[in-house]
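Only one chain is shown below, in structure tokens, and it's the form predicted alone.
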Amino acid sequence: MNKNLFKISPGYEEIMPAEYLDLINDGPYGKNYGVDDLGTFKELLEEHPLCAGCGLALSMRLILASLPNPEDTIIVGSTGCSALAFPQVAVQNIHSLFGNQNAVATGLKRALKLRFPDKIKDVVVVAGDGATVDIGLDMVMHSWFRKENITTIMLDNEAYANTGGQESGMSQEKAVLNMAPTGKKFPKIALPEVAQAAGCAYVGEVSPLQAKRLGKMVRNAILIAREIGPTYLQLYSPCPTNYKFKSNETMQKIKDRVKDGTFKVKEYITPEAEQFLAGIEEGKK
């Protein structure tokens, strides 16, 4: 994509908010930014509508800072808390119906291959646990079965956070939420294991606590999806509003889960995908 396309229509510069001007003038396009560069460019409006301390907001910032080709990336989102912020990010994005995101991403990726056969166009799904493992599981899994060249990233806050705090399939067993006062009755769904069994070439589970690791895993997932097949990342993103902890305790909550063994960083890669990444690294030398 021509980076000169990211321009404000003449005559509107003076009435656009300063933050939006920053997205246009100081976005990540063509600069090979990474997690270490956060704060030196604009990837998300500061006054986004997500709650203070929101794990999703931090995960989104890290994802946006880790895209290997942001000017030629389209993110497909779905209904949920993250959907409130996507109109305020410095990357092309589409909002799909709740649970439809992988079907939309599939059609988009295929169309882009036909329209731009000689260019790299990355399609990345970013959606919550409700859209991914509950409402949209059918379409998610069938995109994996068909070996679609897309990356699916779940923002896992372990609840239906934007509709009052109901339990989701990703909530921990016995978790008490606003709309689950007696606690969840069954274990958290092991979607990374499902993704492996469904044929994903790369599967990872990480959190914003490991920012550099998260950034590397996002890049690897997107690169592998270009050539090898579908990839899946699950980002644990705690929700202070529905789990009722202070907004400055988000990282501590992740540390507590690491300590008690209920969250672990995991990574799975097929031999073919591993060989592909090794070839990329060899090409850099």
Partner chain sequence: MIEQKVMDPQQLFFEAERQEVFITGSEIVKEAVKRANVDIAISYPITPQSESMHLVGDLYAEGYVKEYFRGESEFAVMSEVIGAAMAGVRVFTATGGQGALRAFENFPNWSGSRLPLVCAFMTRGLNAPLSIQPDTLEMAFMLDTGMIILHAEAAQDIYDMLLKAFIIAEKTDVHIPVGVFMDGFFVTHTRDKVKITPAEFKLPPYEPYSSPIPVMDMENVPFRHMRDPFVMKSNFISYAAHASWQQEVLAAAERSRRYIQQYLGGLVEKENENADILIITSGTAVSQSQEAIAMAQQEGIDVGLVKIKCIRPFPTAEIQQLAANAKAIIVPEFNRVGWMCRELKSVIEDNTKVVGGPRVFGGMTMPPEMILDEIRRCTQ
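If you superpose the two forms and keep the largest set of C-alpha atoms that fall within 1.5 Å, you have the rigid core. Numbering follows the first chain given and starts at 1. Note that the structure is a prediction, hence the values are computed from the model and not measured.
One more form of this protein exists, namely the form predicted together with the partner chain; it is left out here, but the text below deals with it.
query = Though only this chain appears here, would residue 175 touch the partner chain in the model of the complex if you measure heavy atom gaps against 4.5 Å?
reply = No.
message = My question is simply whether residue 115 lines the interface with the partner chain in the model of the complex - judged by any non-hydrogen atom within 4.5 Å.
response = Flag for residue 115 set to yes.
query = Is there any non-hydrogen atom of residue 28 lying within 4.5 Å of the partner chain in the model of the complex?
reply = Result no; residue 28 lies far from the partner chain in the model of the complex.
task = Look up in the model of the complex whether residue 205 has a non-hydrogen atom within 4.5 angstroms of the partner chain, and give yes or no.
result = Output for residue 205 is no: heavy atoms all beyond 4.5 Å of the partner chain.
task = Could you tell me which stretch in 78 to 86, 183 to 191, 152 to 160, 166 to 174 has residues with non-hydrogen atoms within 4.5 Å of the partner chain in the model of the complex?
result = Single hit among the candidates: 78 to 86.
task = Answer yes or no: in the model of the complex, does the partner chain come within 4.5 Å of a heavy atom in every one of 201, 226 and 264?
result = The answer is no; none of 201, 226 and 264 reaches the partner chain.
task = Counting only non-hydrogen atoms and a 4.5 Å cut-off, give the residues of 100 to 121 close to the partner chain in the model of the complex.
result = Contacting residues: 100, 103, 104, 106, 107, 108, 110, 111, 112, 114, 115, 116, 119, 121.
key: After fitting the core, residue 17 CA displacement of 2 Å or more between the shown form and the other one   = Passes the 2 Å threshold, so yes.
key: Inter-Cα distance between residue 20 and residue 240 in the model of the complex, nearer or further [3 Å or more]   = Farther: residue 240 and residue 20 separate by 3 Å or more in the model of the complex.
ask   = So the C-alpha spacing of residue 94 and residue 24 changes by 3 Å or more in the model of the complex; is that change toward closer or farther than shown?
value = The answer is farther, because the C-alphas of residue 94 and residue 24 separate from each other in the model of the complex by 3 Å or more.
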